[in-house]
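Shown below, as structure tokens, is a lone chain in the form predicted on its own; questions about how it binds or moves come after it.
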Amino acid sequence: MNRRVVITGIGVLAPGGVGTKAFWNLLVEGRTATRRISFFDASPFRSQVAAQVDFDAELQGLTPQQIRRMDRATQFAVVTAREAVADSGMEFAELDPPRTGVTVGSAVGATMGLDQEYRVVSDGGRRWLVDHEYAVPHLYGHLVPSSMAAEVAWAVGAEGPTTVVSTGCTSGLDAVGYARDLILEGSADVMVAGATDAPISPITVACFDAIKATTPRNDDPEHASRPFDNNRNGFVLGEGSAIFVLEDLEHARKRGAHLFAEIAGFASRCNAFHMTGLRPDGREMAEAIRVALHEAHMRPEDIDYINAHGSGTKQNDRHETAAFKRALGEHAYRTPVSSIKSMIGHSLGAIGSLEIAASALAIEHGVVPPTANLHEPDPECDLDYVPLIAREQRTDTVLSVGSGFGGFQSAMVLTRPERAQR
């Protein structure tokens, strides 16, 4: 069976606004959602800034029982899945449940819930032997990341392949790529796929402080995230979720669905080199790009825009700049590149799916989001990084990439729906 996979529904919760429309408006306006952390007293930490989602679970339609049962990241996933399903216009009740699946990506699972509950059962860390009787009844669901995918499956009535993909900061790309593969191989007709993370907790902040990966620019949080800028000094932690409805192209055509983009190619590689370090030549990311382009039957010259990982660390920015040059050759110098992390921070496992959403919307609206806060480019990052202001241009094909601790490198090629209809 010669299948092709398209995105027909998008749901987003991101810093700066709730819903896909608010997310896109923030990006094209070049606004930043990075602020001082308000969830807890961050004053003891080196980095005290983050990009938080203004999220009210009750206003988003979750019941008190669901709120009690689910960690914040799981709540994000369920709310964005509902938005994606509504956006798709598909009647899920009419689908064959065993042919409908779910994949959810997450790097750190129920971090906030586990952090909060540990403080309770340990009496603020004073007790080495914790008292489990003080824990919430659903603590086991926080410990087992599969509960995220299960909650989404219950919400949409999916009884097909259901799993969590956790590959660090490439989880959002890899979860969608895996869902695409399940449709391509015929294991499912429809997949609800994406990623979620809500990691803004003391333990996460402390971990990134320890390796000095996050920015200490606490006096100017709005301008703290500076991918590709010569004055950058670390990334800004974020949170959020993006979930999509994916379906076989013929299935979407038959029901007259709106097509945001085709997922034409996907590949993932590992550098087998270092837990947090990256080789400067970008070889593994370049290989992932090459394979994704091959799957999509495209040449480097077909790429109109690159949605970069662009974390705002010198190591990563220079690594992926080298990868783009290695994979695309001279065309890399003619291709606009930007990082939305400059505006919404780095939400770890969720960011790859948020970047897929931005890529699909760039195709939909013919606008390339900017790289905010890019005033003085790093001389070693000498590509067109679309500084400060969004750029209107017809965009038929987008390359979105991700890089994660553990050496993971992923690349996805998304194309305009008209190409999928040929």
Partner chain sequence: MSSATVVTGIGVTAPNGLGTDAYWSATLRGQSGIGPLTRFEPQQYPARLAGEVSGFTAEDYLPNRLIPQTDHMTRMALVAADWALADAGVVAEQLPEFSMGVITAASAGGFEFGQRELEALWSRGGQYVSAYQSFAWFYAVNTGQISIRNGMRGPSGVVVSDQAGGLDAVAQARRQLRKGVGLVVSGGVDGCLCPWGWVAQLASGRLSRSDDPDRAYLPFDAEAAGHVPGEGGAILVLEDAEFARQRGAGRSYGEIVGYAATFDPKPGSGRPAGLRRAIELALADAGIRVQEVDAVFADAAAVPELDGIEAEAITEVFRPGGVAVTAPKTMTGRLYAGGGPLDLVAALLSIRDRVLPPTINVTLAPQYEIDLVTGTPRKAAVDVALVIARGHGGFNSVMVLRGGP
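Predicted, not measured: the structure shown is a model, and the values here were computed from it. Positions refer to the first chain, counted from 1.
One more form of this protein, predicted in complex with the partner chain, exists but is not displayed; see below.
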property: Of 107, 176, 261, 289, the one that lies within 4.5 Å of the partner chain in the model of the complex (heavy atoms); result: 107
property: Contacting member of 136, 332, 257, 298, with respect to the partner chain in the model of the complex [4.5 Å, heavy atom]; result: 136
property: 4.5 angstroms heavy atom contact with the partner chain in the model of the complex for residue 114; result: yes
property: Exercise: residue 249 in contact with the partner chain in the model of the complex, heavy atom 4.5 Å; result: no
property: The partner chain contact at residue 283 in the model of the complex, heavy atom, 4.5 Å; result: yes
property: Close approach of residue 230 to the partner chain in the model of the complex, 4.5 Å, heavy atom; result: no
property: Proximity to the partner chain in the model of the complex (heavy atom, within 4.5 Å), stretch among 332-340, 238-246, 218-226, 138-146; result: 138-146
property: The partner chain in the model of the complex - contacting residues of 261-284, heavy atom within 4.5 Å; result: 268, 269, 270, 271, 272, 273, 274, 275, 276, 279, 283, 284
